[in-house]
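Have a look below at one chain only, the form predicted alone, in structure tokens format.
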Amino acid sequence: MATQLRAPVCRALSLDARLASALDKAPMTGPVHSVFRRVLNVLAADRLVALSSEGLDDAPWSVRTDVADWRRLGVEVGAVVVLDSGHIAVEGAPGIALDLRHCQKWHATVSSAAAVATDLLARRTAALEGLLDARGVPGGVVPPRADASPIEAELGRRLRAGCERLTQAVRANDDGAASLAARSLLGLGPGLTPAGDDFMVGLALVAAVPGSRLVAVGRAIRAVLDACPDHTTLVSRATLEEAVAGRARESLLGILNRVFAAPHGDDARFAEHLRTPVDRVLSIGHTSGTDILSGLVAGLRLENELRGSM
């Protein structure tokens, strides 16, 4: 039975096609997990579903809406949310509902690694790294500012050491060492998505590109998530699980699709085309966007190295 709509009715702009398919099969019900200005997270069927604001990207298991600020609508953590193929309704005052029947479906897609020769991939990786160096945020996996506290400096040292161990293990095709390194990074850092997890999201996305040589990365992260389900936040765990499957925010997939697209234009034009999606990723959290892109660059470097070793 379709959910009965209750005013005010908010507009759904787009939703993840995989979420739409799941709702076609069976409705979901669950509590509000967390409420932020631009995102309301719902825990339904053991999975986080994000209701996001119009200015954010399409993303896995999300619905993009015209709500500007979820906190102003009075939704409380724990409020019951009912999701079906046509609507999403938040129970209780003020009674918020989303009509899904006419919104656009978003598909997470990424190009094959085979479309780009090694020398071109190296140049495109360098262009992405240049933008990251110029526009990234200090802290997290990037060395902090000189005035950082001793705690911040030590955390940064541990993060960079873990990232280096993981990349070395993948380079050596050592699954055991890769799993140990991934375990040391899981949940390392403050916030909803710790910096160690963010770095692994970027690395995992490169590994999930069809034709990638980094298959050890996906195996290591999947093994650690299975063995240590409570070592990080629910939001971060969900993001990592999707990244291992090659699914992420539209801006991140946009960067990968540009990097692995068939040759067109010169290097300067390519770097310019990267600028918009890079800036969108860098705006994620405080250092999260920078940490994710750091993992993406590390993965692309490894992809180049492993191609050269074959």
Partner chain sequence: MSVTALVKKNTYIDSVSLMSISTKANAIAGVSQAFVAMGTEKNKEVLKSVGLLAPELEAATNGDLMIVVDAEAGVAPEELVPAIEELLVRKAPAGGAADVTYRTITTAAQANDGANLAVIAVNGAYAAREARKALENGLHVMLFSDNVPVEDEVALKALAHEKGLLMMGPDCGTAIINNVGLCFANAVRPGTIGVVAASGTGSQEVSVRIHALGAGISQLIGTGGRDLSEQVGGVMMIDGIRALAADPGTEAIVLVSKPPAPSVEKKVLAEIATAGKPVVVYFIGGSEAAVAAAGGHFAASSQDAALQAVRLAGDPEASVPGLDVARADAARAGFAPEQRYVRGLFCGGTLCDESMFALLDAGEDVWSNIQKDPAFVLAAGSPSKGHTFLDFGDDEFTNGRPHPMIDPSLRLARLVEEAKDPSVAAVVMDFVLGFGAHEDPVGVTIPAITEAKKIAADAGRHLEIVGYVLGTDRDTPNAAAQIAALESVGVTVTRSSTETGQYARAIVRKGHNA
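Numbering follows the first chain given and starts at 1. Quick caveat: nothing in here was measured; it's all calculated off a predicted structure.
The discussion below concerns the form predicted in complex with its partner chain, not included here.
Participant: Taking its partner chain in the predicted bound form as the reference, which of Gln104, Ser112, Thr118, Gln168 has a non-hydrogen atom within 4.5 Å?
Facilitator: Of the candidates Gln104, Ser112, Thr118, Gln168, Gln104 is the one lying within 4.5 Å of its partner chain in the predicted bound form.
Participant: State the residue from Leu188, Val75, Ala216, Ala127 whose non-hydrogen atoms include one within 4.5 Å of its partner chain in the predicted bound form.
Facilitator: Only one listed residue qualifies here, and that residue is Leu188.
Participant: Mark Pro150 yes when one of its heavy atoms lies within 4.5 Å of a heavy atom of its partner chain in the predicted bound form, and no otherwise.
Facilitator: Taking the distances in the predicted bound form, the answer for Pro150 is yes, it comes within 4.5 Å of its partner chain.
Participant: Test of understanding: in the predicted bound form, would Asp230 fall inside 4.5 Å of its partner chain by heavy atoms?
Facilitator: Output for Asp230 is yes: heavy atoms within 4.5 Å of its partner chain.
Participant: Applying a 4.5 Å heavy atom distance criterion, does Arg247 contact its partner chain in the predicted bound form?
Facilitator: Contact check for Arg247: no, nothing within 4.5 Å of its partner chain in the predicted bound form.
Participant: Closest heavy atom of Glu241 to its partner chain in the predicted bound form, within 4.5 Å or not?
Facilitator: The answer is no: Glu241 has no heavy atom within 4.5 Å of its partner chain.
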